[in-house]
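This document opens with one chain alone, in structure tokens, the form predicted alone.
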């Protein structure tokens, strides 16, 4: 935990100091608190600071949500998009872009994405039912995710404006570029609120490692646990997708990497995955700015390129351990 916390702090400092403007580190950090630096102060406060904060907040939220879902479902393949909220939030944003709502309203796009996430939560809870188990929750999430993805493809297919279609495709790749403190203000209440909910579920998730019957015997209300899990995960994923687009693999890979270091205990993995998610997304955002700074490399593309091979490596190690 100390190492992860140190990494988050160091990477946050690097995020503030890295950018296309060739400015030394001392002036960059001084411009954060000193108005006399003129345009540099504006760049640091309105461009680099929001981007660094969003990378830490969204990464932490996605890592935490992935660990919570894997703990509840007792499935290492679970990830935050499993309950369909990510696809529904993306659909809401796509509709806003295609209809011109995103251009007509200053915050039309994130608000539409949040509306899509809320609809997905309602449908998941409705389909899963008050007494449904983990399998019912998975099936409801898969159904909603498939429907939202199909509707997103339909909107792209029927879009009369090629520029809108191009903007939709790029937005769905995920990015933190050109985000402001206002975007942080939109995402932070949802990600922070969802994190508070999920971090309080540690005892219940620990009990579930013994099975649902044993957890109920220990006094865990599984229906309440599932409701809080869905609400917390949806709040995080909805807030993150609303301002950064679709960013995958963090909630899937980070808990896998850190699980051996916490002894497989879900309550400890929640905190570790939050810090690990912040580290991974900050590293990915730094890679976006350093590898191809003039080509607008998308954040979701980098996380997928890094996360997929890493996940395959983890699967290979798991298979070798079972032989």
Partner chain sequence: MSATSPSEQPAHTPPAENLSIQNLSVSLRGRDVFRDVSFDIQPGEFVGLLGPNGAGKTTLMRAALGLIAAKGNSSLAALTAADRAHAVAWMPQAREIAWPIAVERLVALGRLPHLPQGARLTPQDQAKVDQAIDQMGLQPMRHRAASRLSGGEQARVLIARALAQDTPLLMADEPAAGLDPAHQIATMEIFARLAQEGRSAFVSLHDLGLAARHCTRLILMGDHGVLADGPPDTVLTPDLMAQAFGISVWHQQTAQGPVFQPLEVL
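Numbering follows the first chain given and starts at 1. Since the structure is predicted, the reported quantities are computational estimates derived from the model, not experimental observations.
Separately, the form predicted together with the partner chain exists; it is not shown, and the next lines address it.
Peer 1: Give a yes or no on whether each residue among 207, 217 and 263 has a heavy atom within 4.5 Å of the partner chain in the model of the complex.
Peer 2: All of them do, each having a heavy atom within 4.5 Å of the partner.
Peer 1: Within 4.5 Å of the partner chain in the model of the complex, heavy atoms considered, which of 162, 189, 211, 100?
Peer 2: Residue within 4.5 Å of the partner: 211.
Peer 1: Heavy atom within 4.5 Å of the partner chain in the model of the complex: which of 136, 180, 149, 75 fits that? Just give me the one.
Peer 2: None of the others qualify; the residue that does is 75.
Peer 1: Among the candidate stretches 274-282, 42-50, 288-296, 66-74, which one is within 4.5 Å of the partner chain in the model of the complex when only heavy atoms are counted?
Peer 2: Only one stretch qualifies here: 66-74.
Peer 1: Can you tell me which residues in 268-292 come within 4.5 angstroms of the partner chain in the model of the complex, by heavy atoms?
Peer 2: Just 268.
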